[in-house]
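Encoded as structure tokens, the following chain is the form predicted on its own, with no partner shown.
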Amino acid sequence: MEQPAAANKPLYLRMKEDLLRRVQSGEWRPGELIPSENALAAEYGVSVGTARKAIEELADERLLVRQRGRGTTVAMHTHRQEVLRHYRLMTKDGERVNEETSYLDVASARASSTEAKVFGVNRGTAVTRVRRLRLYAKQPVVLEFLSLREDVLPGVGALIRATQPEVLYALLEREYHIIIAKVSEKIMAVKAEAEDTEALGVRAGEPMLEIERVAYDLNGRAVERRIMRARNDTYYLSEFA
């Protein structure tokens, strides 16, 4: 029996929430077509207009992509990049610092107290840690430290080692049906440490930019924590519509 609060919601919102639940469950994978408006209207016992409105809301949130002559698909990471703008570090020339990625190491580990708090798991839970460089014009500009939770992404370390993806979130979508729906970022000024001087060629103590990011899936789970340490000839671009 429906709860009163749910029963009082407009029909299109209830349908939207159920469609979102089906995407979250992996019933439709990123890039796959969902049923047509007519088919969904018949399945849910609603008008085509109601089905269309539910689909349009999910399309407005960039979770679905409507393509004339083809139908509606579950959005892939590449469709949402321009809206979510997951990579905002820029060179002094105004170019995004993601021209090339160089992986330094990928290792299994046990979650530290910080990682455990971010992921909402017990300390010592299995995680994969990745260290990599972002290059621009063949020069290392950003040093990244990634942590990924293995309870949600089993075997992710071996996959990353084998494929060394340029776009990590696309790999998560393709292999795990995990869609990154939201990221939170914290930005601060820091001083270069020994690892920065070795990887980026900066001087010890030199000012740098550090961004801490946590990425969340459609279910609100934190699945990745990332620290980005950038040379001071870069800047962080934030854009608002």
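If you're wondering where the values come from, they're calculated on a predicted model, not measured in any experiment. So that there is no doubt, residue numbering starts at 1 and follows the sequence shown.
Missing here is the form predicted in complex with the DNA; even so, the following discussion is about that form.
Could you spot which one of Lys186, Arg62, Arg66, Lys191 gets a heavy atom to within 4.5 Å of the DNA in the model of the complex?
Looking at the other structure, the residue within range turns out to be Arg66.
Would you mind picking the one in Ala199, Leu209, Val46, Ile180 that has a heavy atom within 4.5 Å of the DNA in the model of the complex?
Looking at Ala199, Leu209, Val46, Ile180 one by one, just Val46 meets the 4.5 Å heavy-atom criterion.
Touches the DNA in the model of the complex: Thr72 (any heavy atom, 4.5 Å)
Yes, Thr72 sits close enough to the DNA in the model of the complex that at least one of its heavy atoms falls within 4.5 Å.
Whether Lys53 contacts the DNA in the model of the complex should be assessed with a 4.5 Å heavy atom distance threshold; does it?
Lys53 belongs to the contact set for the DNA.
Heavy atom of Gly205 within 4.5 Å of the DNA in the model of the complex:
No - in the model of the complex, heavy atoms of Gly205 and the DNA never come within 4.5 Å of each other.
In the model of the complex, Pro10 touching the DNA (heavy atom, 4.5 Å)
Yes, contact at 4.5 Å.
Stretch in contact, per heavy atom within 4.5 angstroms of the DNA in the model of the complex, of 28 to 36, 191 to 199, 209 to 217, 172 to 180
Contact-bearing stretch, as computed: 28 to 36.
If you look in the model of the complex, which residues in 117 to 151 sit within 4.5 Å of the DNA (heavy atoms)?
Not one residue comes within 4.5 Å of the partner.
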